[in-house]
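Coming up are structure 1 and structure 2: the same protein chain in two forms, each one given alone as structure tokens.
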Structure 1
């Protein structure tokens, strides 16, 4: 109590920063705020988070809660000053806590082993005693061999009535917790570098167009990429005839100073990365305003087998080679459905079931007007044996890309690797010390074993029992 009263303000402040209680409080704050930041979508539209809050707390209080959370910075909390301040305070606590304990631990590691008196050996938590027939000089080699078999490189001293062996294993395992502490700091540094010098945004790129910008902070901040990304094509694959997308793929090209430097098709979980910026496939959509500029891709196959690929726009006409059939594109629907009365209608503003309405004529006389559906090949066949395959309608879809730059990601990966190593050392390795004292008594030798382990004492006790078992077998002449 007197020592506490005599401590200076600096010492008291140091003790506060080195406190495990402070670490628990800070860690709890990080956990609680992260829960809120996980529930609320970071950087999302106001309507989206209002919807989330309404589901959790009711529509009446959702607007008030949104205002409070928005003012507190929870809509982009991982970039907020207070969250970064908590991380910095946690780092300071971790550093000071480690510095406060490291000298004592290092002393235990670097302190050389020395013989121990019998009284001290008997006070160890792990003690064993056995008597073996024969003089101590003869038993000495047996003990040395047994220790060697257990992996201990022992030292030996000669005493008045015999010998003493002592050895240790894993002294540096005590540093496992400090490796873990350092790895946490490395991960935090990587995260802060990513938050400070990286970004997370999005961009919608229509087919056939390129952009050199991404957008963040709900579209209010433009982020120059330093190059252009172009969407050459987009395609969605569905499960059977349902509207549930199975896979959607974008064919992207990176242009630097007007030159194509990289091409790649991306899907979910298989992104494109260039100059540290990664493009993830996130969404897609249909642009109704581009319907007049879109290009239809058809394959025309006549009844006698002649084939040709053509590109047309809405309102264009075509002729099937080797046939008297001509056609004109009248209309397009991104998602066509026929009701019970036979009337066609568009049921979604996505390319779920694209269909094109074509007016056919033979030798100038109108013969047929009908819908040709991309996902229904049975609609491609004409009555006279000709075939119009609807391959694509290019230029009317956009690919939604999540754009991310995180210069600290490799630092985080290294920190995670170091943490795994530190945790393995801390939990599965221990600092073990053993002393074996040989005391000659008449025609026998009394062997006293004393041992300590800072962790996994039960496992080390089994090792000591194995040592005694080896000594017993040696005494009986067994190998």
Structure 2
């Protein structure tokens, strides 16, 4: 401190970069700027953010505010040069402050413990003194036992008028802070590796087709996968008769050089990984333009129990085996609903409630025309006892897959693990040192205890008191 004036500019700059003050300024900067990023929608259209600004500040100032924020990069702020600069400054601060402090802390960790003179013992933040009957040589064993009981492996020296024990616990807990700080750097490294050598993309795969390409989320790049992924089937399941989704499932096959190498059905929270590329169930959709190419799967059961599975297209006719009923598929709706006047209409462009309109005839004469709904088995029953079970309409949906390759993700996870461990050590463990000095006096022994802890001193103080009560109890027991 006294040579502050003589410090060179480089030293001052180093101190600034290593300082806690800079750290908290960076914390505040990241926190405050990030708030703006959660209010303005990132990477959204101009109209959307203009609307948000107008809502907050009024129509008149919104366009000029938009221009200012846009110039400052707030429309995609987490990728802007200044936000990345703050993150770099944050990393530099972490590195320099660790380099600055580590040697001093290492000295505290590696310093061997030594016996302490009496006057120094009295200056510790935790000090206790008791007098116990009996010669020091006898009390010595009691003290050694008590220390052992509290989990301290102590060293011992013989002194002029007695003995001294000293011991420490958890010197390496001082490294917890450094582990935490380094883990942030590890996570940032993992993120950079992921950005540099990986990609994030998406691809929509129609049922029954395969693709060897994905499209990047940012930019318009096409990403060759190096293999093909085929969607064999997609199915959305709903809770009961509601439109609340229960599960989205895609049956995928990976093809390498035209050969099938992997088959897996994926759902949200359970992706498929092949050659480092992972496919996530992200969305789905109905393709109106494929409606003529789709294949209906029906199970036909006649009144006398004959069953047959058939595959049909829109406009096809079929005959129920073991019965004289035949039918012709007239129309299809992905989401059918009947209004209060009894008119059928399609309420969504998703396969929420697939329905097929069939024209039935008996021995060539038309009998009835009706909708058969996949989700409503009661519509499968025909008046004469035959059944037409609507199992699936295949080839008209696509599955939307999130495609990602991230070689850095394990580094990020390692960093997260290190951070958890570092925080645990930093907050719940401490470096504790204790000295117990025994001085023989007439018929009795004076015990002087000095102790320090770099954290949670109160808890250690209670532990020292436990030690003393152990000594006291032993003494009473021996009397």
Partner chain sequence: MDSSALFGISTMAYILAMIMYITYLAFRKEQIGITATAITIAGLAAQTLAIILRWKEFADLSGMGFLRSAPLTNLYESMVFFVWCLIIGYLLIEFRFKNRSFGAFVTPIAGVALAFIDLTGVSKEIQPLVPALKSNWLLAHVTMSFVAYAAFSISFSTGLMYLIVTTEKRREPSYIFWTLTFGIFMIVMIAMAIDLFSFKVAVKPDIFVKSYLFKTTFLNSSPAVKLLSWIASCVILFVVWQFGSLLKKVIQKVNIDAGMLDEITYKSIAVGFPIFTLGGLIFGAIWADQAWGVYWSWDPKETWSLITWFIYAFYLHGRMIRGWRGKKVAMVAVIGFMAVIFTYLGVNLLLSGLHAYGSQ
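So that the term is clear: the rigid core is the largest set of C-alpha atoms that superpose within 1.5 Å between two forms. Note that the structure is a prediction, hence the values are computed from the model and not measured. Residue numbers count along the first chain shown, from 1.
Chemist: Tell me which of the two structures is the form predicted in complex with the partner chain, please.
Modeler: It is the second structure that is the form predicted in complex with the partner chain.
Chemist: Tell me whether residue 57 and residue 234 share a rigid part, where the two parts are defined by the motion between structures 1 and 2 and each C-alpha goes to the better-fitting superposition.
Modeler: Answer is no, each lies in a different rigid part.
Chemist: Rounded to the nearest whole degree, how much does the smaller rigid part turn between structures 1 and 2?
Modeler: Comparing the two forms, the minor rigid body swings through 8 degrees.
Chemist: Rigid-core fit: what Cα movement does residue 36 have between structures 1 and 2, in Å to one decimal?
Modeler: Its C-alpha moves by 5.1 Å once the cores are overlaid.
Chemist: Keeping the rigid core fixed, what distance in angstrom separates the two C-alpha positions of residue 12 between structures 1 and 2?
Modeler: Value for residue 12 between structures 1 and 2: 2.9 Å of C-alpha shift.
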